[in-house]
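Before any questions on how it binds or moves, here is one chain, the form predicted on its own, in structure tokens.
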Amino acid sequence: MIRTLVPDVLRYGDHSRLGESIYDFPHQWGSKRTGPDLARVGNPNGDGNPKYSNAWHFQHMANPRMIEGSNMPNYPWLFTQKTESARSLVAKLAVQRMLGVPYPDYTEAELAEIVDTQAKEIVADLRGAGAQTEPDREIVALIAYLQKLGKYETVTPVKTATK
């Protein structure tokens, strides 16, 4: 578990609590803190506003040392590699549902539409900030993921048949 050492809290902010990741599958708790806790980066104050803009994440992955003292490497492939197809995402979500994660049963077309809409919104926002990329790049998917961290939606439990 993360230790709440004063220097860590001052440098990286408050740490995650167990209840914030209780529904994560698989659980990814570790014993060492390296870098900031990203659990709430998409909604650090609980007000629905992200900590960083899409453009900030874009620039940070291109050059993480824009943060003084950072030794994080660059991630240039995020800007050139394409993301997986909706077909592979449908299969991954199906496995997660089998493990008990309450993901909706999206069709490939529904999932492709959701991904496409979200990617286009991020790319348009980046363009407005002077950054250029294509909607199918891994950097766009990573930004979408980071902006979602800490945001919660109400989940309706799936009713199962009883004998």
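One rule holds for the numbers: they count along the sequence shown, beginning at 1. Quick caveat, the model's predicted, so the values are computed rather than measured.
There is another form of the same protein, the form predicted in complex with a small molecule; it is not shown, and what comes next is about it.
The contact with the small molecule in the model of the complex, taken as any heavy atom within 4.5 Å, belongs to 67 out of 95, 62, 67, 124. The small molecule is not shown here, but in the model of the complex it comes within 4.5 Å of a heavy atom of residue 52. Of the heavy atoms in residue 103, none are within 4.5 Å of the small molecule in the model of the complex. Put simply, residue 142 is close to the small molecule in the model of the complex: some heavy atom of it is within 4.5 Å. Within 4.5 Å of any heavy atom of the small molecule in the model of the complex lies no heavy atom of residue 112. The stretch from 36-44, 128-136, 95-103, 115-123 that comes within 4.5 Å of the small molecule in the model of the complex, counting heavy atoms only, is 36-44.
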